[in-house]
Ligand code: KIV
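What follows is a single chain, given as C-alpha cells, in the form predicted on its own.
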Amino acid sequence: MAGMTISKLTKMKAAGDKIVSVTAYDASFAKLFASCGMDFMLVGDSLGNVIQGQATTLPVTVEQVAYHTEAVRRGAPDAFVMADMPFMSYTTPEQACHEAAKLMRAGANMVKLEGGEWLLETIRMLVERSVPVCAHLGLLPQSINVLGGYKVQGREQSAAENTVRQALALQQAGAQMLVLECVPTELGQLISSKLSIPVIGIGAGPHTDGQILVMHDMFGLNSDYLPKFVKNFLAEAGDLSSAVELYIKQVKDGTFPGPEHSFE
C-alpha cells in the first residue's frame, strides 16, 4: 500500500483493477488495513454512529474527524487517507477551505463532501488551493432529515438522469473521486462508465470501480442492523486479518458485492 496516490487509483480504474477501501478511525486498525494491502482508508463521519453511538452523523465536528485522521495517519504513515467533511462544515467555499485545511494538516490526502451541483464552486476553490476532493452522491447521510430516511436513491428515471448529470458536473469541477451510496446496480454501472475518475460504491452494485464498507459492518459488529449491502467477513474468515484479506480478495475478484448485496 506504500505510496498509493490518486493518480495510481485513477490508473487502476483505467486498467479495470478493482479498488478496495474501508473506514478507519484509529492507529491499530489503520495499521492492520495497511498491512493487508487496503488501497485507501476513509476517516468517515460514520464515527458518529460507530464510535460515539449517535443516531446520525450530524453531531460530528471537524475537530473530531481531525483527531481520528491523526490517529489513522500514525498507524499507517504511507496510506492514502481520505477524511469526511462533517455536516455544515462546507456551507460556503471559504468555510470549506478553512475547515479542509484542518483535515489536510491532520494527515488527510483528500477530503470528501456530500452533495451535488451546489458544491461546484466549492470544489473548484478547494482544488485550486491544493485540496483534492472526493464527491459523494446517492444516499447522503448528512441530508437524512431532508431525504426522510435511509433509502435507495435514483430508482426513478428522472432521479437517475439527475444523478448522472451531477456526477459529470462534479468531475468537471475538479473532483478526483466519487463515492456512490445506495443506488440501483444499473445506475452504479452507468455512472462508473461515464466518469474518468474512480467511482467507489457502497450499496451501488458490483460494477463500480471499487467498494467501501464501514469497518464495523465488515466485521459484523452492528448486528442489530446490517444494511443489505453489507457482508460479515469476520464470521466467514474467523479472525480480523483473514476477514480483511477476504474482503479485499472478494472485491478484487468481483465476487463481492453479489446480487444479494445490491439494489435492482
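Each residue number is its position in the shown sequence, starting from 1. Everything quoted here is computed from the prediction, not taken from an experiment.
The following text describes the form predicted in complex with 3-methyl-2-oxobutanoic acid (KIV), which does not appear among the structures shown.
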>> Would all three of 46, 179 and 202 be in contact with 3-methyl-2-oxobutanoic acid (KIV) in the predicted bound form, where contact means some heavy atom lies within 4.5 Å?
In response: yes
>> Since only the chain is shown here, I'm wondering whether residue 60 would be in contact with 3-methyl-2-oxobutanoic acid (KIV) in the predicted bound form (any heavy atom pair within 4.5 Å).
In response: no
> If you check in the predicted bound form, is residue 195 within 4.5 Å of 3-methyl-2-oxobutanoic acid (KIV), heavy atoms only?
Replying inline: no
> With the partner left out of view, is residue 212 within 4.5 angstroms of 3-methyl-2-oxobutanoic acid (KIV) in the predicted bound form by any non-hydrogen atom?
Replying inline: yes
> Do residue 65 and 3-methyl-2-oxobutanoic acid (KIV) share at least one heavy atom pair within 4.5 Å in the predicted bound form?
Replying inline: no
> Going by heavy atoms within 4.5 Å, which of 234-242, 65-73, 212-220, 30-38 lines up against 3-methyl-2-oxobutanoic acid (KIV) in the predicted bound form?
Replying inline: 212-220
> For 64-98: residues with a non-hydrogen atom within 4.5 angstroms of 3-methyl-2-oxobutanoic acid (KIV) in the predicted bound form?
Replying inline: 84
